[in-house]
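The chain that follows stands alone, in the form predicted on its own, written as structure tokens.
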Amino acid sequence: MSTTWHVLGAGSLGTLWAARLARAGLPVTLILRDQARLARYRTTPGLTLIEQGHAQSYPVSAQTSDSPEPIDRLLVACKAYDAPGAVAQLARRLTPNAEVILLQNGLGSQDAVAAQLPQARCIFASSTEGAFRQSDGSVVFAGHGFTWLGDTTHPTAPLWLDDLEAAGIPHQWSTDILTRLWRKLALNCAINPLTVLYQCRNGGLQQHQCEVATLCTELAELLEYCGQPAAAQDLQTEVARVIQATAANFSSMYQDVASGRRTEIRYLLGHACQAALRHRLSLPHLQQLHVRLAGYLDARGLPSD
């Protein structure tokens, strides 16, 4: 029998993965935040995946963190700032050879979780897929993308990648996952904060090309200093391509602010600026962007760390 996928974090990507795994006939269990959410979820037909206007429901089981069931495989799909605390509540349930897949934006939370779980194999993931929740238990697949996975301490790919193949989740095992994560962090730092400050869709940044280009220059310099020259290569070209390809989209950070939710500023701009500080690297535009965004969030009563 296949190993159960326990999915922690019933947000857009967590439910997107869970629904596709369930569609492939694989055992999936959602781990919800509290009993109230579990009660609400149990009034639904399960997880509903909406793709190209077509809705299909899948009967996915759910539980809270205090369930006694052991966990062999855990997909952590909650926000970066929630990941360490949420995983800590589940540590006692992880089996000795458990595998934990970390699907967070930015950098910093992955190492924090891995430090909490020395007995588990922690696998880092970076995804370009797009999705948004319509309601509890309902997710819209908004943009087909790709997911890279890797283990900084163990280069051998796990056998369960076959599950992702069966579920139609495009993926690749990467022996240098940190390069992928740094590249995505740089892309997010160059795009997401500006969409918040200028209150625009990604395509609106085409009106601010000089500012974007300056940020890309500084981010590329930071990546070089952090030992990630491959992540720095042609960064400005890639950022321009992403802005054009996702012109009609609102960035995830924009959506967080619009909904009054905490952003992942600490794991994006915050992480980049801390790395610059460690290397005694002066990146005035990046650091000023961090200050501007923190002030913008403070003014709206949102956490700025």
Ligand code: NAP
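On a predicted model such as this, the values are computed, not experimentally measured, just so you know. Under this definition, the rigid core comprises the largest set of C-alpha atoms superposing within 1.5 Å between the forms. All residue numbers refer to positions in the sequence shown, first residue = 1.
This next part talks about the form predicted together with the named molecule, which is not shown.
Shown without its partner, this chain lists Glu99, Glu129, Glu218, Asp151 as candidates; in the predicted bound form, only Glu129 has a non-hydrogen atom within 4.5 angstroms of the named molecule. With the partner removed from view, the residue among Leu32, Ile50, Ala240, Leu26 that has a non-hydrogen atom within 4.5 Å of the named molecule in the predicted bound form turns out to be Leu32.
Taking the partner from elsewhere, Gln89 is found to have a heavy atom lying within 4.5 Å of the named molecule in the predicted bound form. Taking the partner from elsewhere, Arg37 is found to have a heavy atom lying within 4.5 Å of the named molecule in the predicted bound form. In the predicted bound form, the named molecule sits within 4.5 Å of a heavy atom belonging to Asp82. In the predicted bound form, no heavy atom of Gly295 sits within 4.5 Å of the named molecule.
Heavy atoms within 4.5 Å of the named molecule in the predicted bound form map, among the stretches 192-200, 67-75, 168-176, 102-110, onto 102-110 alone. In this stretch, 235-269, the one residue having a heavy atom within 4.5 Å of the named molecule in the predicted bound form is Glu264; the partner itself is omitted from this view. Core-superposed comparison between this form and the one not shown: the CA of Gly137 exceeds or equals a 2 Å shift.
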